[in-house]
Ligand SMILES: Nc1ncnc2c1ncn2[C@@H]1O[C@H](COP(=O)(O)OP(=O)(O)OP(=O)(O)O)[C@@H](O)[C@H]1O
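The chain below stands alone and is given as structure tokens, in the form predicted alone.
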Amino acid sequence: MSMSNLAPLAFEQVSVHLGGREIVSPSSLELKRGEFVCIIGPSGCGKTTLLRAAAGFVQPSGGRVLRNGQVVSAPSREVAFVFQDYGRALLPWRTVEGNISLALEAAQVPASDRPARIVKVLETVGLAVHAQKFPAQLSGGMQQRVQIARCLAQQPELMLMDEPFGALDAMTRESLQDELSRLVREQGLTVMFVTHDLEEAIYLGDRVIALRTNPTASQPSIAAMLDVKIPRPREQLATKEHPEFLRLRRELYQFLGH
């Protein structure tokens, strides 16, 4: 089977136990290439744990995680991870340009090739004029764009995002949602995106996976998998008034016990 036919990410009956408690019960899920999958659920349901297992940061207690048919046993440069805490994710003593260079240094990209790559990725996220600024000189939204730019510089196949917009104000969050949607389409990325915000999940996702807290054998971690068949590109006002958007929001609220 060719690489293109293998799932960029697959969970096969994955379970995770931490501190003597089952955080994720046996769960199976497969992402298609170029798919944007959002994971939602209440606090403590295992959203971030599942994401960290996908990255190779956490090893499953049972089952296995596969990337392109290969078992994930450790982090990979082909997988980018965007953290919620953008302040801690960036090095304060490095400029925007210097922070993005980190990804290229780690990938052992020759020094002579780095400047052009950095300029290109900064233009992609609209930060070219801020290249020489330090993180403390940027707004929260701009700092998160730097983190996303650094991930794009890796030229990853798969991007894992842990509530990346959760700490931002509403207008900045909406702006970055639209920018991320554009980048994902342009770059052909596969994305697994954790959020606690139902509207964000529906707006961004091709599919939404709802997790439940305190899973059991009869009620496993994955409570629902819903396809989002709302056309793209999406628009903040019109999309959120779309009948299908409203239907999905009601259905997800029911699954999550709201």
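Keep in mind the model is a prediction, meaning the values are calculated, not measured. Numbering starts at 1 and follows the sequence shown.
Not on display, but discussed next: the form predicted in complex with the named molecule.
- Contact annotation: of the candidates G62, P233, G44, G34, the single residue with a non-hydrogen atom within 4.5 angstroms of the named molecule in the model of the complex is G44.
- The closest non-hydrogen atom of H196 lies within 4.5 Å of the named molecule in the model of the complex.
- Interface residue remark: T48 is counted as part of the site for the named molecule in the model of the complex, having a heavy atom within 4.5 Å.
- Not displayed here, the named molecule is kept clear of P243 by more than 4.5 Å at the level of heavy atoms in the model of the complex.
- Proximity of E174 to the named molecule in the model of the complex: non-hydrogen atoms within 4.5 Å are absent; the residue sits far from the partner.
- Each of G19, I23 and E163 places at least one heavy atom within 4.5 Å of the named molecule in the model of the complex.
- Note that among 64-72, 48-56, 223-231, 201-209, the stretch whose heavy atoms approach the named molecule to within 4.5 Å in the model of the complex is 48-56.
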